[in-house]
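A single chain, nothing else alongside it, follows as structure tokens in the form predicted alone.
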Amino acid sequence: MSTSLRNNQSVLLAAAALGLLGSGVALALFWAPEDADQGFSQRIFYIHVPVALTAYACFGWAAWKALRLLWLREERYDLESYVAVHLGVIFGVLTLATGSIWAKASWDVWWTWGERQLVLFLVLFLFYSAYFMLRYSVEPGRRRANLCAVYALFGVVLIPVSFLAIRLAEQFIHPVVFNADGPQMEDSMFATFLVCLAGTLALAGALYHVELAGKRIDARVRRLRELLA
């Protein structure tokens, strides 16, 4: 893919993210009805859940790129997997932060270790945070790329476990709004959620392309300096 095409993708995704997130926040504040049980504090749902799903998507994308690396042996997939993990960890931080704010506002508790879905997401987050310890403890090269790829693939197993824990837990602080019968919310609330989710995914896509381009430029500059040294 040419550099100009990548730049165009980044610009389009950034513009889409800006428009969708701006629209989503406006819809959440002024159009979607207020929750009967939680009141105004429930509106953070339109940020917290899309951010969490985007974190899962980033980790899944990292695993896909890792699989491509191990299967096709193309070096570029190592960097692409790394960038996806990096973004997943960033969105993981946002998930934990927004979730704690929501819990404090609605249930007067920042965190509870008795809720398995919260703990499992924290385990997922810490697992991928440790990815960077592995990556930077090994010299750059094929061995590091393979180790990181295998690690990213192992981590993707935790995603469905973390996601399903919300539905399998016996006691709930975390509300369940999606089940086998579909979304348990009004149409306006679901539409607002979809706009916010699309905006968050577009933002992740834009950040992915920008960071990937920056890492590639940095690698080229480093190689040029080595040649000139």
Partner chain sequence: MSAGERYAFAAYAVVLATVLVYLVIIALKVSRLERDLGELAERAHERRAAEERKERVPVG
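Keep in mind that what you see is a predicted model, and the values were worked out from it rather than measured. Numbering follows the first chain given and starts at 1.
Although not depicted, the form predicted together with its partner chain is the subject of the following passage.
Of the candidate stretches 134-142, 67-75, 149-157, 82-90, only 82-90 contains residues with a heavy atom within 4.5 Å of its partner chain in the predicted bound form. Among heavy atoms of L12, none comes within 4.5 Å of its partner chain in the predicted bound form. Taking non-hydrogen atoms only, L20 never approaches its partner chain to within 4.5 angstroms in the predicted bound form.
A residue is said to contact a partner when one of its heavy atoms sits within 4.5 Å of a partner heavy atom; W110 meets this definition for its partner chain in the predicted bound form. In the predicted bound form, its partner chain sits within 4.5 Å of a heavy atom of F40. Taking V161, A28, L53, L194 one by one, only a single residue has any non-hydrogen atom within 4.5 Å of its partner chain in the predicted bound form, and it is A28.
Residue-level contacts in the predicted bound form: of A202, I47, M189, A63, one residue has a heavy atom within 4.5 Å of its partner chain, and it is I47. Shown here without its partner chain, the chain has I90, L94, A97, T98, I101, K104, A105, W110 in 89-113 lying with a heavy atom within 4.5 Å of that partner in the predicted bound form.
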